[in-house]
Each structure stands twice: as C-alpha cells, then as structure tokens.
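What follows is a single chain, given as structure tokens, in the form predicted alone.
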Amino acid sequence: MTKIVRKLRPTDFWRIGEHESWFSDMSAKGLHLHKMGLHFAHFKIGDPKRMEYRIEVTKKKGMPYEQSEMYEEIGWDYVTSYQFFHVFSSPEENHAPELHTDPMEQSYTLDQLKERLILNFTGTLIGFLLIIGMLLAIWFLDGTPVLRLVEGHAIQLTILSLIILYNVFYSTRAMISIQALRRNLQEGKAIDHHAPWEKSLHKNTAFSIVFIAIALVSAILPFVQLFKHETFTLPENDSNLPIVRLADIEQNSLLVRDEYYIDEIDWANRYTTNWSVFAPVQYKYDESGMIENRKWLDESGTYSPSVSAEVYHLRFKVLAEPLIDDLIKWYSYGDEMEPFVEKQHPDFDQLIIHEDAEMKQLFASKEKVVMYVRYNGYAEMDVLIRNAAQKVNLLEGE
C-alpha cells in the first residue's frame, strides 16, 4: 500500500508559481503530489525524482477532457484539481513544452476566476456586516458593554466575527493578487515556475496555528459555559454560598418560604452558577419568603420580602468599577428613580446604594468581587450592607 503524507500548503492558492516550485522540490525528496485539499497537500512516498509541475486555471471546476488530453500529448500528465486550479506534471528530463507560450493568452484564463472572487468577496462582506450589526446591538444597544463582556454570551460571536473578518481580508487579497497576476501576464511577464516558497510556508504555518487556536476556543467556549451553567434550589439552611440570605436580613423566626416549583426546582428560591472567560465564578439568585402574621404597611397583603442578587468573581480587578457602572444602568429602571448614592465603607472598595420605599439596591466591589443586591422589604439598609460585606469577604478570600 502506498503511504500518503500530508503537508500544510506553503501559501495561498492563487500564488501559482510558488505552488509549482513547492511541488517540484517535494518530488525531488520522494514526495509526489497526489491530491490537494483546502489546507493540506497529499503526497505519495516514492523514489526521489525531479518533476516539473504546471497549474492551469479554468472557468469551471472540472477540467475539460479534450484540454487534458491535449496537454498529455505534449508530455504533461494530469495529477489533481482543487477549486478552479488543475495540476499537471512531467519529468524534468523530458523538457516538455510549456502549456502557455503567450502570457497574454494565459491572462484570459483568469477572467472568470476574477469574477468568482468578486462574488465571493461580496457575499463574505455582507455576512461580516450582518455579524457586526448584531455585535454592535449586543454590546452597545443598552449601553452595558462590560456587563456583556463579563457574562460572556457575546464572546463566541465576537470571535466568529474575527474569523469572518479574516475571510473578508483573504477574499480581498485574492482579488487583488489575481488581478496583479493577470496584469503581469498581459504585460508579457510569464509566471516564475521556480518561485521561492520557504518564506511563505513559515508565515502560513504560524497563521494556521493561530487560526486553529482561535477556532478551537470559539468551538469550546459554548460547551464550557453550558457545562458551568446550572440552576439549583437554594438550601433552606445557610451554606458557604457567597450570597446574602433573606433570613439573615429579616431576622424573624416566623419567616417561611414562598415556593414556586417547576421541574423540581423552586424558582422562587433558586441560585444559578455560570462561567465566562472574564468572570470564572458567577452566581445569580432569587429568594422569596413571607411572614403570615405581618402585612405590608399599605395593607396590600401578607408581608412577603424577597431578595435577588448577582455576584461576580472577576479575572481582572480593573473590570470591577465599570461593571458596577453597567449594573447601575441595567437596573436603573428608568429616569423616575432617585439618584444612586456612593458611600465610603471599610469593607468595600466601592459601595453605591439606592432606596425607594420598600425597595433597596446595593452595588459593591472589593478587589475582584462585584455584588449587586436588590431587596424588597422593611429591613434597614445597614443590615443589607453588613450581610453583603460578609459574603463579599467570603468570596474574595477564595
């Protein structure tokens, strides 16, 4: 069985002379071209023998039989095709005549390819602009780009846009290069069939490694986030979770849960864990309760306090302050609210509070930890701050 060796192509497909030179140098090492792929060339291992290679461009992907037969008659054997490029070979000692003796005539073979590259560029550019529009809406429509960054949901789409951007660049370069090659041929400059390819190989190898790494990250991130995203019912007793508990705020032994179960999860008393590149530890939770012998001051019903919160352990401390700014924007609920007040507190690097009737909000950070708490009830803000400080210290120490 003939053994096949795969090698990364040294350069872009439109660099015809460099490919021809590379194929010839490989044959001298005993690697004879068998098939071309999108990124790799397949070689058969054999005896070292210097072969000359020529690449012919056609308007369609298939090579017309009559044209192939004509080339065979003058000493060039068909080897393989990739896209609109067709490879022929001939032993160096045969001195087979060139497929094209008139560069001007050869330039006409590139006209159809140029049109296809323009169409490909147009389609790729439209796709890129659509992705950019979606990204701009995700990142900036609500004015909270740092919050979107920390949550991590738009990172994969951003990476995808970079890949598509490269495709736009690649298509643009292909158009320009084919046009330059066509112009050179029209000026009578024949293709250099022994053009140096080593420098291009090093560049292409380095880029391929980076491109594959980006593609792998783009593919893996959603699975990591999906694996880390879990929702649980809050345990009734306090635990080591870095979340402010309703019982610690109310300090009332008559407090009981106000439950709402769906699929074995109490969604009125639940917490969700999440992960992102910029915030590897995240908690979002809700807790609801009621005290039967107590009513709201407006006599609207049984007193039913609740607390909802978000906690982020950031990878970089520099994100803490802008994240708080974005959380305030996100939870401001319109212009009708009173201004948020920043307070100095020894347990926080930053503390901003807001009170509006029964509803109290707290935004706090310490080192890499950011916490947002929204409480509905009659406990004092100082109680909320004291409990938040304990939980932030618990997470910050991890």
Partner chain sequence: MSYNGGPMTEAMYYVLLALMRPNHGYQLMQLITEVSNGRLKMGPGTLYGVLSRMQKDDLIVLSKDDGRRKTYEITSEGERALRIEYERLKSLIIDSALLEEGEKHD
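Numbering follows the first chain given and starts at 1. Note that the coordinates shown come from a computational prediction; the quantities given were computed from them, not determined experimentally.
Here the subject shifts to the form predicted together with its partner chain, a form of this protein not shown in this document.
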In the predicted complex, the residue from E259, E92, D77, E105 that sits within 4.5 Å of its partner chain by heavy atoms: E105
Sole residue of V341, I45, M359, M70 within 4.5 Å of its partner chain in the predicted complex, by heavy atom: M70
E230, heavy atom within 4.5 angstroms of its partner chain in the predicted complex: no
Heavy atom of R270 within 4.5 Å of its partner chain in the predicted complex: no
Contact of R148 with its partner chain in the predicted complex (heavy atom, 4.5 Å): no
In the predicted complex, D192 touching its partner chain (heavy atom, 4.5 Å): no
In the predicted complex, segment of 94 to 102, 289 to 297, 119 to 127, 259 to 267 with a heavy atom within 4.5 Å of its partner chain: 94 to 102
